[in-house]
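Quick setup: one chain, the form predicted alone, written in structure tokens, and binding and motion questions come after.
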């Protein structure tokens, strides 16, 4: 077994670079950063994403753009390599008391509030910034592998031209330390199943980039009712359901038939899609409009996906790997597969992540639960060999992102 297969690689970690922060500081309407002075004379920076945010917004600080802070976190938790992406934040209010002052929050990278020309320019600049952030960082002492790689950003805003998006895909593909791109679920306004994005998918496939699909918008807030439950329902359910819907719409659109080599990585272990995949297949079978559009049973397409292992429980990880394992058997049949493949097969498409710098501990001396619990969950999955677990912890990422090349 190669040394690289033993690396711990974090594929779900966020960064928020100064250029975007400067833009928000220059704004006076959401999203923007408001600076005030505390009674003690200290500067208090608060990010506002929504109008009328309670508690005056969320605190922001260097933990979200300072490379040394990222590396300290990695060293503390034994993380060898991080593949960083531009940060997001959920439109969910938090009270001031729910945050430790030593750990702060940040905002979304989506460029929805900008006109197309400015969004394209900013995305290109941010991609260059991220390349510099990664390329000038340290390498592993035992390898030529860098400790930081990145996911670039597309200016997916209404009115953007397809050629402009393709140009940014080419830019990302030519930046050696960017190995993929992060994408929200709205596309250029109509969703990711919009056929006008087909040239973009084609360019991404040709460039060999990995698309990381990450939620931000959640679902209609009226679904949560009037009782206040903090951030629990929007984060625990809203984000995964957003991912579930977006990925399902992609499957229904036939994107994976048109672009069979497209590599899509879903946040939060694919949301509810693994659990609902057979129900999805049954509904398609009973709807001739969609059934005639797809070449295979819906469950087959889940085998085209990669999932992060940010599920916090071994049973959930094992189940998701079962669904990925059985997928190839649905290439030629819609009958129930009675003897699914060994879940070890599905583990090859799952990758460790931490969601740093969100959900920090209340004390700087504590380790982050998002690291500890997800690593414990990987270790406890029944039916995964030690090689499988090493793969999920890092070996799969080394292969998927060609980190050793």
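Predicted, not measured: the structure shown is a model, and the values here were computed from it. Residue numbers count along the first chain shown, from 1.
What follows is about the form predicted in complex with a further copy of the same chain, which we do not show.
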If the cut-off is 4.5 angstroms on heavy atoms, which of these, 112, 125, 132, 287, is the one near a further copy of the same chain in the model of the complex?
287
Which pick from 293, 170, 76, 143 sits with a heavy atom within 4.5 Å of a further copy of the same chain in the model of the complex?
293
Quick check on residue 212: any heavy atom within 4.5 Å of a further copy of the same chain in the model of the complex?
no
Within 4.5 Å, heavy atoms only: does residue 82 come near a further copy of the same chain in the model of the complex?
no
Can any non-hydrogen atom of residue 362 be found within 4.5 angstroms of a further copy of the same chain in the model of the complex?
yes
Can you tell me whether residue 303 touches a further copy of the same chain? I mean in the model of the complex, with a 4.5 angstroms heavy atom cut-off.
no
Specify the contacting stretch among 113-121, 172-180, 307-315, 199-207, defined as having any heavy atom within 4.5 Å of a further copy of the same chain in the model of the complex.
307-315
Looking in the model of the complex, the residues of 160-176 with a heavy atom no more than 4.5 Å from a further copy of the same chain, listed in order, are none
